[in-house]
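Next up, structure tokens for two forms of one chain, structure 1 and then structure 2.
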Structure 1
């Protein structure tokens, strides 16, 4: 029986096993999918287990999306350009890092029917998923992308990776049509501690966190008269792309899947 897993720290919140095991069972694939919390010094051993095929494939979540890269043989074009890996595949003796977050975010925003062409977007955070979000936003032809992060150096590193990114000092909020929480603040119901009271109404507040389903960031946005959306669809669509890389076909995404994950 093949083994797949997701690695991260923290990892308890991850619904990847629930989703992938549902798809594996639905499609009669003899495999299991689990989650493992790792420390940084344990990453290499786990990646080598994929090369030895003790593990068939692996998803990667915060904070390891960049850290895994030195242990891989090849990167897909998207993983190379974003320097972010969330799916590892073993193929013809090589460990290949892929980035399915880009497609996951792109498809999730498409389903919202919130047109982003020529719109202004503010991203809060500068972690592993941010390059993927920027990559997708540029495909959507937004007019402006601003980043604010408590540690300015991390935001500067992302600005150096992409053209035309505006850095905003922590606490200052530029004008935006969409604001994205790309930090882990909210996993344990923490508050971001930014003042959104003067941003106006009917903006899109988007949180990449999907568990809990409504973070304090989303509650605040809705309280102020804005639209709130969590990262559940992004999570589902990036998982669908990872499933395709490992198994050669895309599983069904339907209301049953949404309901399956809504119960958590």
Structure 2
């Protein structure tokens, strides 16, 4: 039986096994999908197991998305440009690193019907997922991407990785049509210490976090008359794209899937 994995640290929270195992069963594929918590020095051995095909393929989550790169043979263009790999595929003897977070974000926004072409976007945070979000936003032809992070140096590093990113001082909020919380603030119900009261209405407040389903950032956005959306669909669509890379077809994303992940 083929074996797939998600590797990360911590990994307990990961809903990837639940989602992939659901799709495997739904499509009568004889395979399993597990999660493993790894230490940094264990990454290489696990990845070599894919080369030996003891493991058929794997997803990579925080904090290993960049650290796996030296152990791979090839990168997709998206993985190369973002220096972020979340899916490893074995193809013709090569280990290939892909980034499906980009398409996950892109498709999630597409379903919202909030056209971002020529719109201004503010990203709060500079963690591992931000390069993927920027890549997708550029594909959507937004007019302006600003980034602000508590530790400015990290935002500066991301700015230097792309063209035309505006760096904004922590605490200052530029004008925007969409604001994205890409920090870890909200996972434990802490709130972001930024004042949104003057941003206006009908903007899109997007949180990469989906558990809890409504962070204080989203609550505040809605209270001020804006639209709020969490990262659940992004999560589902990045998984769908990984499934496609491994199994050659896209599994169904329907209400049942959204329900399946609701109570976690």
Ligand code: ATR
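Positions refer to the first chain, counted from 1. Each form is matched to the other, and the largest set of C-alpha atoms that superpose within 1.5 Å is called the rigid core. Keep in mind the model is a prediction, meaning the values are calculated, not measured.
Asks: Name the structure that matches the description of the form predicted together with the named molecule.
Replies: That would be structure 2.
Asks: Looking at the domain motion between the two structures, are residue 127 and residue 156 in one rigid part, yes or no?
Replies: Residue 127, residue 156: same rigid body.
Asks: Determine the rotation of the smaller rigid body against the larger one between the two structures and give it in °.
Replies: Domain rotation angle comes out at 12 degrees.
Asks: Upon rigid core superposition, what is the positional shift of the Cα of residue 52 between the two structures, expressed in Å to one decimal?
Replies: Superposing on the rigid core gives a C-alpha shift of 4.4 Å for residue 52.
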